[in-house]
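A single chain, nothing else alongside it, follows as structure tokens in the form predicted on its own.
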């Protein structure tokens, strides 16, 4: 085996050690929310047992003891720091995490496998916030997320309008001329279809953009690259072969931030959800409530609900404490069923 091959293997092991420690501390933070007590959480952390028994005898057992004690000490420091957590769907480096950092970079982003996990564990108090994509100007609404929103009692406390910029990523030191296959989520591959065709690169669907980047860092197939965010390149130590490879430069995804408590600050935008009687003109009368007060609507979407009819999502500019907004909400409530003010909040935009 060549020296360079050994160095690459060492580098990969060091990378895995760091990522495993990061993942461990994230689980410690979740455990604290379940235990509600730092001492109990620390006791759980000590259940790993005598780690030196797992050693092959090469390393001094005292090293394991000291190492694990340092891990426990750092875990206690993290538990005592009272970090605020925000959940997102996907692997670290996902565009949802990018949006979470845009909204508040002081929060600790925690990855979730499914959107349902975000809503369920946020309602259970494990997270302080959850962020989810609701619509994309090229791909349309995210139906799975909007169905969950329809059936949750959580509040919208923020929004992020994020320009999605895709990057072609590869392992450090690779020869880009030897790249043949590109892994990513089907939507990202479609959004970069012209770029892939021009460069004769074969698109291979993967479950997640950031997941493709993670796979490339840990066990890369030969001559392969990934399409993911710039953040994913930083987190997985990948080389950015080319930035902004999306076919259309106005690729925008809108995210909503949820919490168990409503936003207490004055907002610039409101979101409501409601149903109407199944009669001609009922939706028009609701929209007329806002039109006659010159309230600017920014989003209207319909979605089938469990009762066999339709629910409507409506976003508009203003704050619930503004007199004309308050009047409009009161009048709209009389014309609808299952009316719910999801929240008034501020929206951030990121290029």
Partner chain sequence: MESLKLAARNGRERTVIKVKDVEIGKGFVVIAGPCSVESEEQMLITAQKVKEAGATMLRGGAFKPRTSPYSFQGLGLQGLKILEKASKATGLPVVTEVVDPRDVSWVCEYADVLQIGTRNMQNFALLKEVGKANKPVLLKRGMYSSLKEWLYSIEYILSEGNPNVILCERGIRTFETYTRNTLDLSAVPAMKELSHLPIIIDPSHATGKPSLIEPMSLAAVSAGADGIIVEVHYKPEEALSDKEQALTPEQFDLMMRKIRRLVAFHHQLEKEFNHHEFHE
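Numbering follows the first chain given and starts at 1. Model, not experiment: these values are computed from the prediction.
From this point on, the text means the form predicted together with its partner chain, which you will not see here.
Quiz prompt | Partner-proximal stretch of 120-128, 266-274, 86-94, 170-178 relative to its partner chain in the predicted complex, 4.5 angstroms, heavy atom | solution = Comparing against its partner chain in the predicted complex, the contact stretch is 170-178.
Quiz item: Would residue 239 count as touching its partner chain in the predicted complex under a 4.5 Å heavy atom rule?
Solution: Answer yes; at least one heavy atom of residue 239 falls within 4.5 Å of its partner chain in the predicted complex.
Quiz item: Quick one: does residue 200 come within 4.5 Å of its partner chain in the predicted complex, counting heavy atoms only?
Solution: Although its partner chain is absent here, residue 200 would touch it in the predicted complex, with heavy atoms inside 4.5 Å.
Quiz item: Any chance residue 223 has a heavy atom within 4.5 Å of its partner chain in the predicted complex?
Solution: Heavy-atom contact with its partner chain at 4.5 Å: absent for residue 223.
Quiz item: Within a 4.5 Å heavy atom cut-off, is residue 244 in contact with its partner chain in the predicted complex?
Solution: Residue 244: yes, in contact with its partner chain in the predicted complex.
Quiz item: Among the candidate residues 103, 115, 195, 155, which is the single one with a non-hydrogen atom no more than 4.5 Å from its partner chain in the predicted complex?
Solution: Exactly one residue meets the criterion: 195.
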